[in-house]
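Coming up is one lone chain in structure tokens, specifically the form predicted on its own.
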Amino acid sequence: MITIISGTDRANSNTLKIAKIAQKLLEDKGEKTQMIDLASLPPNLFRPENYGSKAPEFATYQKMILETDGILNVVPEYNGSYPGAIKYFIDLLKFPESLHRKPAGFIGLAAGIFAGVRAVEHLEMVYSYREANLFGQRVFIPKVREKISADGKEISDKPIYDMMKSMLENFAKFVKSLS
């Protein structure tokens, strides 16, 4: 099972659209997937007291991460890094077992030309600190609004689509090799 994290809490985001496209590509290759959309997390999870004792609603997400074989992060670049919501989500996960030796892949996207490179690199540092196994092949999508179809269900840029398809196929093999 590969868990896909849509790495922003922004409603109707391009991040979620890309995450759903990635999910479909993985499932078309016979992979089992599940999605964590940070925009659908219960609002009470984002309260300071949850650092000390987790809200009961977080148990579902914690279980998903503990039981998954690999994590695919789809992360936008906001203000030169990744959104705070994904950092907070990671901070809530049990340490060290949640990400320890877990295969982790990354797709970055941005409205601008830098395609989420900084967001992915910063997030990789957090995953590395948590001792995840980072997958080296990454995909970056610049000017994301121009690269997805009007209905948000397809990547209209063929080179990016081909890179993403290849990366996902190789990530699935990477996950299996470490399971």
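Bear in mind the structure is a predicted one, so any value in this text is a computation, not a measurement. From 1 onward, residues are counted along the sequence shown.
FYI, the form predicted in complex with a small molecule isn't displayed, but the following is about it.
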Choose one stretch from 27 to 35, 111 to 119, 45 to 53, 62 to 70: the one whose residues place a heavy atom within 4.5 angstroms of the small molecule in the model of the complex. 111 to 119
Tell me, yes or no, whether P96 is in contact with the small molecule in the model of the complex, where a contact means a heavy atom of each within 4.5 Å. no
Partner contact for Y78 in the model of the complex: the small molecule, 4.5 angstroms, heavy atom: yes
Please tell me whether any heavy atom belonging to N14 falls inside 4.5 Å of a heavy atom of the small molecule, as the geometry stands in the model of the complex. yes
K165 versus the small molecule, in the model of the complex: is there a non-hydrogen atom within 4.5 Å? no
